[in-house]
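The chain below stands alone and is given as structure tokens, in the form predicted alone.
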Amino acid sequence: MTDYTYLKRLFQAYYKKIKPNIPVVNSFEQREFGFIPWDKHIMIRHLSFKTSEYLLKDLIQTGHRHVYSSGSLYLQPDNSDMNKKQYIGCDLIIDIDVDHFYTPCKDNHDRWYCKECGESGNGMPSKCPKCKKTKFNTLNWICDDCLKTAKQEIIKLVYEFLIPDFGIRESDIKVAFSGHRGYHLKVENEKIRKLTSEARREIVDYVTGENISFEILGLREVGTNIYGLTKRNMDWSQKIVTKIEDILNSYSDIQLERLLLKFGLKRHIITSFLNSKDEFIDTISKNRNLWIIPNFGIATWKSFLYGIVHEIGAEIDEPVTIDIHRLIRYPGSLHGATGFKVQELGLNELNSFNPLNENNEKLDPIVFKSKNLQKIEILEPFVPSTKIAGDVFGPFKKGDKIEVPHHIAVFLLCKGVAKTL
């Protein structure tokens, strides 16, 4: 039996066990479904099911590696011609995945291999430090830190943007752990469903701070004076000034210097800022907009503000939100790269949720948890350590023959870094 066949049978057994408790998404019969099987790396899509019972029957028969459904609603969701599906509308879909942005923990657990020169290392480089090429093979891992960062981005998105700025009701927001390196958010609302891709692009720009105009927010140069932003103005002006206050009141000078270097400011400019920090705090706390810091011209202020905006904006996978025909993972299904469940969460459950060590059995995405040991052999040159359910396994190297609990073996097999013995 191949490992793919073994994992397929495990997935089939899972779907048989949960029957009939798989979640049913809103407007189920109007959604397109798609699957990626174990023996192919292409998606089979343009499928539909009248009821969740038919979907579950299919999953028990196939044990697909990945299961998706559309954010869009159609009158004919199974029509393979997109123009004949008779599009009705699309939920607002937002994907937050640490694959798409840097987290410090990646320097410890993510591995890259240059396709051109064979150089390798940890982290998330934009180009190979040896040959300067940009094509890599990567081994992306997960840990509590990066998943916590993804969760914080979802919480920021909901409570700092969607609810206060767009007036979206909590009851219209659905959140799910993706089963791997992030979270999905879906807004089910009739007005939202009518939005075009262009309108969704504007939402993306707003929540990320992309294409922001500081002049519209109030920044201007009059003679030798710079007039900045105040909290009296709502939305982004208020967010920016509040964030500046929070940073200046909580960061040490050393932390602040590191941040301003990240913003691209030069050291002599940073020294001026640090020397004027107390006066600047007093200025913005009293909602005065005459910003006076030596050596800070309008261009420097813009560099500073762009850095602040990046700290505020949500890190989302932008194409997912803009694309009205995108499929997302179906809740309750299994993620073929981990063996973990795509777990739906209430907003009130999000803060305490810990996917790698969840105490609430109903929310625990690690469905193959077992103390039974399984023998496997490591295939990758290097496999980072993995901490799941409080226990640490690894790191491992190629050729290691190990015995690990069943759920760890399933995780490593799904990641493709091991084989059964």
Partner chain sequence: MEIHTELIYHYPWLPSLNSVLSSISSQDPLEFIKKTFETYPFLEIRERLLRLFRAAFENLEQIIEYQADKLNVHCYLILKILLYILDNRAITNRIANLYSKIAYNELINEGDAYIYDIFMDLNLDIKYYNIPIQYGINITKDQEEILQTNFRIYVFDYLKLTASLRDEYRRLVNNSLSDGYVFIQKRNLIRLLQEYVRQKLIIKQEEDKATLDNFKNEILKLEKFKEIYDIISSEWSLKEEEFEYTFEMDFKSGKELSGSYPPCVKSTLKKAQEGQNLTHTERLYIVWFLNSLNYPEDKIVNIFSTLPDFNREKTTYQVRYAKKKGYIPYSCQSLKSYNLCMAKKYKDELCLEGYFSRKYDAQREIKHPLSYVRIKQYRTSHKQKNSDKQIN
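Residue numbers count along the first chain shown, from 1. In this text, all values refer to a predicted model and were calculated from it rather than measured experimentally.
Below, we turn to the form predicted in complex with the partner chain, even though it does not appear here.
Using a 4.5 angstroms threshold between heavy atoms, Ile254 stays clear of the partner chain in the predicted bound form.
When the partner chain is considered in the predicted bound form, Ile298 lies well away from it, no heavy atom lying within 4.5 Å. The closest non-hydrogen atom of Asp165 lies within 4.5 Å of the partner chain in the predicted bound form.
Contact between Ile216 and the partner chain in the predicted bound form is found at the 4.5 Å heavy atom cutoff.
Residues placing heavy atoms within 4.5 Å of the partner chain in the predicted bound form fall in a single listed stretch, namely 284 to 292, out of 176 to 184, 255 to 263, 118 to 126, 284 to 292.
For the three marked residues, Ile192, Thr196 and Trp236, a heavy atom of each sits within 4.5 Å of the partner chain in the predicted bound form. Taking Asp278, Glu210, Glu170, Asp78 one by one, only a single residue has any non-hydrogen atom within 4.5 Å of the partner chain in the predicted bound form, and it is Glu210. Ile203 is the sole member of Ile93, Cys146, Leu305, Ile203 with a non-hydrogen atom within 4.5 Å of the partner chain in the predicted bound form.
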